[in-house]
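One chain comes next, on its own, written out as structure tokens in the form predicted on its own.
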């Protein structure tokens, strides 16, 4: 595939605009899977604690097909992916006005890769990501699209053509992230496994890493080095490795196996990684092996990824929500919640929002030494995706609709 480079002046202008928009996105938007930094928390937001079809439902918008990808919220827009057709081979990227729910644009593409998935999921499984200037949408078919925020196609990659064995019968679900101008993509299966750093501007591959050939649905995470530099962490059943996002160079490696479904979270230099429970790691800059700060086998997540909010971690195992101190890993409280969970928990202020596989949302308040269910709601549809939070509102999707839950005074 050939890649068209813009002239230098346009390129520099785009980079400057991208930096400005990325700053705006980081300060108030929810631009990737699990939001700012991938933590799952929007600590300055205050969302409703109860909702229904007649209460605190700001709007709902029709979707053209299935999807378990999460919505993202960028620059006043809500962006979402979906798939349609008997073979799930029609791929959709849609954009809605954040305030009104009006559809602003839709782009459709034919899948070029494998469309088979487990019946519980579908080809619109990975969550898109934005750098504030563009949106990057990856599908389980390993088709990757870059569009600007007005829906204009910038570039596309049919990654199955380059990595034909990087697929499985259950479907792919790893969500990409953006770091230092690189779009970081993990395609990891029993037959073929790679991680890629793709240039956000051109779509060209900056670097490629061979990865353990084991099915993996976790997503890359973003850390910060001791001087604030971006570091990406790649998780697999063989361990966790940290890399420079510009070059892919490995900085350190934790060689104890990690989970391949829930994705770890981070705060600055520290990564909290699902590995025989949860382990806290920090690179020390002097060794190829990170320091282990603590580990706890009481904090084993099942499918949902951990939530990091302030100085607390929240982990769901089956129907038990546990709260732990980030400094020590000590469990502070635990609470039984209703249902089975694929959707990861998110936080707004001191409230934790969880949606079970039946679509019922529950709101838990962290009261310091205990957690208490204080609200929730049921919109009578099934939600498997992780919700997004922005502008004091919750954005969540089913196979049929995209919803905005916000105070009725809006």
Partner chain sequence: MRTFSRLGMLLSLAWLLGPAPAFAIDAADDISEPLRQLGAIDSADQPSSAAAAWKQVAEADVRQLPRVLAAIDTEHPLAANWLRSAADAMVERAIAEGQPLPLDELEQFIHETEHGPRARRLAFELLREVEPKRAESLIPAMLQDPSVELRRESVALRMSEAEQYQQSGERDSAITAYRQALDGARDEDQVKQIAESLRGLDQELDLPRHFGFIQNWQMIAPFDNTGQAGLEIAYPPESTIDLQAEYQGKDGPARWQAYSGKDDFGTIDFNKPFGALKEVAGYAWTEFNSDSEQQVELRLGCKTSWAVWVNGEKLFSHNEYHRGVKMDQYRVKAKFKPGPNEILMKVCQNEQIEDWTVEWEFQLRVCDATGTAILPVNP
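Numbering follows the first chain given and starts at 1. Model, not experiment: these values are computed from the prediction.
What comes next is about the form predicted in complex with the partner chain, which is not displayed.
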- Message: Quick one: 60, 101 and 167 and the partner chain in the model of the complex, is every residue within 4.5 Å by at least one heavy atom?
- Response: yes
- Message: Can you work out which of 194, 215, 335, 293 has a heavy atom no more than 4.5 Å from the partner chain in the model of the complex?
- Response: 215
- Query: Among the candidate residues 89, 208, 199, 180, which is the single one with a non-hydrogen atom no more than 4.5 Å from the partner chain in the model of the complex?
  - Reply: 89
- Region of this chain that lies against the partner chain in the model of the complex, out of 366-374, 380-388, 51-59, 339-347 [heavy atom, 4.5 Å]: 51-59
- Proximity of residue 111 to the partner chain in the model of the complex, heavy atoms at 4.5 Å: yes
- Using a 4.5 Å heavy atom cut-off, state whether residue 158 contacts the partner chain in the model of the complex. yes
- Query: Taking 4.5 angstroms as the cut-off for heavy atoms, does residue 244 touch the partner chain in the model of the complex?
  - Reply: no
- Query: Does the 4.5 Å heavy atom contact test between residue 152 and the partner chain in the model of the complex come out positive?
  - Reply: yes
